[in-house]
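In structure tokens, one chain follows: the form predicted alone.
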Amino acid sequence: MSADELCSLLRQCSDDGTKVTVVGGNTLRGMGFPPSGDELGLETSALKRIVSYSPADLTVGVQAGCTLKSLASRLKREGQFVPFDAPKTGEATVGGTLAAGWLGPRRHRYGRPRDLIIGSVIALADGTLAHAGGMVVKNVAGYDMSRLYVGSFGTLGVLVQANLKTLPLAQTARAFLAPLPEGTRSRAMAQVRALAVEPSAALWIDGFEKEIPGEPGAEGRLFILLESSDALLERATRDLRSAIGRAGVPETRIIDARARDMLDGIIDAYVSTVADRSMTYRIACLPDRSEVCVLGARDLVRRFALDADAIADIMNGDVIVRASRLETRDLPLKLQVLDDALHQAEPRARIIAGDHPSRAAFNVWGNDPPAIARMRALKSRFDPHSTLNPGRFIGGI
């Protein structure tokens, strides 16, 4: 489907009242309220070209249906990248990742994808093709419309093309895995946050043994990724091992081969499910509160006789907690009661994965934000007939 064909289809749907569900790689299908099933499915997978790429200018224009893996492979040949850090890069699309507003574990160092978008082409609900920004990295006077669509969950328009700033890819990457003995978790996390050479990613992991490699200790395990020049990497490695040793962690495994692939595998685990018997939440915390938050959420899951797997992003504060149970008896009720209790403790908790049939009844986006009235006004302005992804976003937008 070309951009013109996409606009024609949207114009027809808007005119005859047909609702549309926009689908990219469907890798984040566990986010948002599920579609009702009456909508027309609109896939962007045919829009997969890299339209323009200027390595010297550090800019790339890519169609929305291009997979993250395809884009990364092209940029890597020039020693560049865009830090999407989203799950399942072989299927995930640029458009779907931006629409979902996905936030990865390297954003404290490289920025969020929305910070790197410099232009866009959007198909609006009435079939209009709207352009914003361009292919030049510059300061923008006024509001940058391209950023408005990032994180809007496809409710304001269908992304056709994104123009992005690219970043130089670090010369070397090295990963570290460390099992944590009893009584070392808090000290180890504090030592990692205080490192002179900032890690590109630092995660505390409890559970996820089937999805994430590494032998766990009594208090879980650490995964740390360093990215830098060869010379700086050796100094950073010494500092990291000394810091973790001071925390009482005796063993650290160093992995040089496919270190970034290990990070990709952990991000895949963020949205991994236990068939249709699990629900995964993401909670935004301040970095120095992430340990308290993740332990509280994990213990709350266990209080309802559910299995808990958890990840805490030491640098950014994100908390991932998956609740599951192999037995299906009473599972819908347990998950519903957990959902209520978790949102009492963490009102901003959002569901990011879960195929359980009862997910539609949960508070999947967390409590409505203070800006919900303005969000509804924007939806009414951009999509007055509620054609695009109706009812799937925050507050039922």
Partner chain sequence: MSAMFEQRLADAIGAENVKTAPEDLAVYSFDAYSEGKLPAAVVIPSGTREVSAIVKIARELGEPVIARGAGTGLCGGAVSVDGGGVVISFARMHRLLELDAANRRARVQPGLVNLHLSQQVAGAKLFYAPDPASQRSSTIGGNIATNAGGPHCLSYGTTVNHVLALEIVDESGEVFTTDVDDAGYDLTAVLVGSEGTLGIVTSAWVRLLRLPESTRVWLAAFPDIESASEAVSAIIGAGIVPTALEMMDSVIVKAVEEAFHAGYPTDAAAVLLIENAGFEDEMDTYEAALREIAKRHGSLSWRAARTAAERDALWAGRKGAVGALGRVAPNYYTQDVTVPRSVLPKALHAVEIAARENDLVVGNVFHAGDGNLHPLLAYDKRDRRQVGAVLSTGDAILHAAIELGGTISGEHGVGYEKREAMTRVYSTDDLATMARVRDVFDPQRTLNPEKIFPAGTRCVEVSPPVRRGEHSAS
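Since this is a predicted model, take the numbers as computed values, not measurements. Numbering follows the first chain given and starts at 1.
Here the subject shifts to the form predicted together with the partner chain, a form of this protein not shown in this document.
Please identify, from 28 to 36, 326 to 334, 346 to 354, 41 to 49, the stretch that has a heavy atom within 4.5 Å of the partner chain in the model of the complex.
Result for this chain: 346 to 354.
Between Pro250, Gly90, Gly183, Pro168, only one gets a heavy atom within 4.5 angstroms of the partner chain in the model of the complex; which residue is that?
Only one option qualifies, and that one is Pro168.
Partner contact for Ala243 in the model of the complex: the partner chain, 4.5 angstroms, heavy atom
No, no contact at 4.5 Å.
Might Gln12 be said to contact the partner chain in the model of the complex, defining contact as any heavy atom within 4.5 Å?
Looking in the model of the complex, residue contacts with the partner chain do not include Gln12, since no heavy atom lies within 4.5 Å.
Is there any non-hydrogen atom of Tyr149 lying within 4.5 Å of the partner chain in the model of the complex?
Tyr149: yes, in contact with the partner chain in the model of the complex.
Hey, in the model of the complex, is Leu378 touching the partner chain, heavy atoms inside 4.5 Å?
Within the cut-off, so yes.
Quick one: in the model of the complex, does every one of Ala3, Arg277 and Leu300 get a heavy atom within 4.5 Å of the partner chain?
No, because Ala3, Arg277 and Leu300 lack any heavy atom that approaches the partner chain to within 4.5 Å in the model of the complex.
Taking the partner chain in the model of the complex, which residues along 354 to 380 bring a heavy atom to within 4.5 Å of it?
Going through 354 to 380 in order - heavy atoms within 4.5 Å of the partner chain in the model of the complex - the hits are Trp365, Pro369, Pro370, Ala371, Ile372, Ala373, Arg374, Met375, Arg376, Ala377, Leu378, Lys379, Ser380.
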